[in-house]
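Only one chain is given next, in structure tokens, and it is the form predicted on its own.
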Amino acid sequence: MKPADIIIRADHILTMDKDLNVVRDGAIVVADGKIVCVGPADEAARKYSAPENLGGAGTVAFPGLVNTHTHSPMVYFRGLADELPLREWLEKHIWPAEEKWLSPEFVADAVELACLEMLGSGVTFFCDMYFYGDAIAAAVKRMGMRAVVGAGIVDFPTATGRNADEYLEKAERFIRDWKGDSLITPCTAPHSSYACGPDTLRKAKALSETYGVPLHIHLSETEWETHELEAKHRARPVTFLDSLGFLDPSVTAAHCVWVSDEEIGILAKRGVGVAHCIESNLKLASGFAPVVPMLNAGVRVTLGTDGAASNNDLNMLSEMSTTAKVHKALAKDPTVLNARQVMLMATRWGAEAFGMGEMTGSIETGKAADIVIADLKKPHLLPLYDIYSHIVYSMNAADIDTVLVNGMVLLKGRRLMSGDEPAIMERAAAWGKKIRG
């Protein structure tokens, strides 16, 4: 028998491969952080032995969920300013709070809480856009998760920089320091076309091209944003960015709520990925992204939670369910965004949006062992007819039992294995008291 590190058994294994194969009574064999075998459990038992066995009867295994847009340190601002439109929420509440509280220590502590929350809902990989990238990356790595970490760039002074040139210099240094890391992918992250002028956007694009890293940006999140761009540049946001040569497959754009049919065509033609953040858009009343038309046009649409200050959680299972239901209602068609498609948006398509589809996003031989095991022995998950339907419409975060990233068990029996959960919670409570005053 061949030696392995871990054997995972499950009643159902959703591979999310190109054929959407589901293995019944299956096993996943993990060695050296990689998946070395996926197939029937009895075959794996004959061929492999391992010191650790996970899963078992009454479980489902699926690829780790990919949260394609969040601001993880903002968990410490959860509930700080609710029931406000985006511009007022940002300018009068969030930006002043960031000016007062942001520091490497704040960011590091907050990221650990965010990672704890995301692991608990089956997220193994996320894209972050914020400041103090080194502190974010180091905290994510300590927690054992996978992340694209964006170096935030704006044109105006904040607690982390005086002007665009300083943000760009810090971004370049961050990219150099983290490029090639096994878990962290550095990213250039200009905030938006209204917070960054044409020159800054061109420089951010050039930086991304120089180092071969992804670009991440907020795009067409609000109706106000489209009016602002039309007044300044006589172009809508997507058209404006395209005129700068900004858009290509390296770009993942968050939101894309207020995009016209012409702009959808541009996104599809340029191969831009879209991070759809439906619960944040609903809560801020930003509008409804035309997800079905984007998918029909060939745009790769993925799912993100946005930050916990505007959602107010980082629960990708909830995001999946809300996305499927709302867009059915908008289209007046119960067949759109079926459960399989939503699972793709939350797994393989998310990895592919950042050029990491060969590494993660599906359960296939040779890929990283980024795997979630969920417990199906729950009242709300019985009886079972369609496993995809159960995950998208019925499963909740409390059903996630075990999470692996790169073959490392980070969550087991819903207990954090890669950090000190009580200490993370205590620090969060202490920061909350300071911020509350």
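Bear in mind that the values here come from a model prediction, so they are computed numbers and not experimental data. Each residue number is its position in the shown sequence, starting from 1.
The following text describes the form predicted together with a further copy of the same chain, which does not appear among the structures shown.
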property: Which of 260 to 268, 311 to 319, 212 to 220, 235 to 243 lines the interface with a further copy of the same chain in the predicted complex (heavy atom within 4.5 Å); result: 311 to 319
property: All of Lys100, Asp128 and Phe354 within 4.5 Å of a further copy of the same chain in the predicted complex, heavy atom check; result: no
property: 4.5 Å heavy atom contact, Glu225 to a further copy of the same chain in the predicted complex; result: no
property: Partner contact for Asn338 in the predicted complex: a further copy of the same chain, 4.5 angstroms, heavy atom; result: yes
property: 4.5 Å heavy atom contact, Phe156 and a further copy of the same chain in the predicted complex; result: no
property: Phe174 within 4.5 Å of a further copy of the same chain in the predicted complex, heavy atoms; result: no
property: Listed residue that, although a further copy of the same chain is not shown, lies within 4.5 Å of it in the predicted complex (heavy atoms), from Leu84, Ala138, Ala195, Met359; result: Leu84
property: Stretch 313 to 340: residues contacting a further copy of the same chain in the predicted complex, 4.5 Å heavy atom cut-off; result: Asp313, Asn315, Lys325, Val326, Lys328, Ala329, Leu330, Lys332, Asp333, Pro334, Thr335, Leu337, Asn338, Ala339
